[in-house]
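First, one chain by itself in structure tokens, the form predicted alone.
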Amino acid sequence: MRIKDFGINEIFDSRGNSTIEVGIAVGNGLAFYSSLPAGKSRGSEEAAVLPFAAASSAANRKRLGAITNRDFKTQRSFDEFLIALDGTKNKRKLGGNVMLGLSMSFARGLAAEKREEVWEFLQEEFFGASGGAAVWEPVIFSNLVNGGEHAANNLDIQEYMVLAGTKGGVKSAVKKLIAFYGALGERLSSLKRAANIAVGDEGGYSLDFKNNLEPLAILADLIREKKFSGSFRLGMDAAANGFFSDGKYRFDGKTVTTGNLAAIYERYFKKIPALYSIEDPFAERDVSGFSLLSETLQDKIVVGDDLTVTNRELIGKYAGEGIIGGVIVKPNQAGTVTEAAEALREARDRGIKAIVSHRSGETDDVFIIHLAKAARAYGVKIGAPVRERIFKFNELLRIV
């Protein structure tokens, strides 16, 4: 496919912050667009994000002009050209967000040229005929209580998620999640004696709690009450980078060591049988903490995000060492579709669970749902089933 032109426009994400939309023009007057999300809680090794002024500067447009009037036959060939054109480890020259926007738009264009859905095209190029499984029944990771950097409350843990299975059908699971979200709002209003409850960046409820355990207890009780135990489990994203400093953690108002924090998490899992996964329980360089927790949580999953930053080599290393049983894949951590696909393949080859994820500052772009289906990912992490997040839920309903 030959690219005739490209464009970079300023748009705004779900927090009202500036982000970019990237488009490419191909033959026959066709154009394809992609919009880029933004993460507030970021791993230090993520691809660089350029602000709109730098992304669209004359110098950057001149550099990017090298993609025009060239013919690229595959997604990989296009992405490898971008990577070579940038030439830096973290994509700081062209901008990881710019590169991903071009990469996603190219995938959309090539899929259209082949008269296929985006997920079909990605599946064929990166994952084989069936993506590794004939039927896709993803677990939906839905963040219903927000804390940490995503909310103005007293919770250290950033996300309290319901993990909704879809073996009974995606539509049924989404309807249950929506009903549960409403019921949770009513329960919190009653318990906290608050008529109106604020929500955080991802649509989950945001209010003060007694401690970091209380939201899990409330969620577990409501799951039992609504008789959803057969299809709902619980997960947490601690995002521990946010409460780590000088080698220790500030948790529930106390300063604790790695060992202390591991013991706290273990107690949470014992008290809340529905709790199944924990993401980034320790800071990204506290590998000993991940190892310690993985040894004790044999039937649960410890998930890497800031630890692994959608990097194939890091996923292979930490999965190979047995310190993670799951991994978050965020395309904008990597900077191209090919690198995100390689991360998903590595997770599959290593036998760990891959969860394709949104970011806290989102747009209406639904590309990640297609990537997840192409790879037959274990799960999709897409926030609460409301507001701007609902676009991804609806796309999941459409293509599964």
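Numbers follow the displayed sequence, beginning with 1. The model shown is predicted, which means the values in this text are computed figures rather than measured ones.
Beyond what is shown, the protein has a form predicted together with a small molecule; the following relates to that form.
Residue heavy atoms within 4.5 Å of the small molecule in the predicted complex occur in exactly one stretch of 93-101, 169-177, 150-158, 244-252, and that stretch is 150-158. With respect to the small molecule in the predicted complex, the three residues 38, 202 and 279 uniformly fall within 4.5 angstroms at the level of their nearest heavy atom. Among residues of the shown chain, residue 370 is not one whose heavy atoms approach the small molecule to within 4.5 Å in the predicted complex. With a 4.5 Å cutoff on heavy atoms, residue 357 counts as touching the small molecule in the predicted complex. Residue contact check for residue 79: none of its heavy atoms lie within 4.5 Å of the small molecule in the predicted complex. In the predicted complex, none of the heavy atoms of residue 233 sits within 4.5 Å of a heavy atom of the small molecule.
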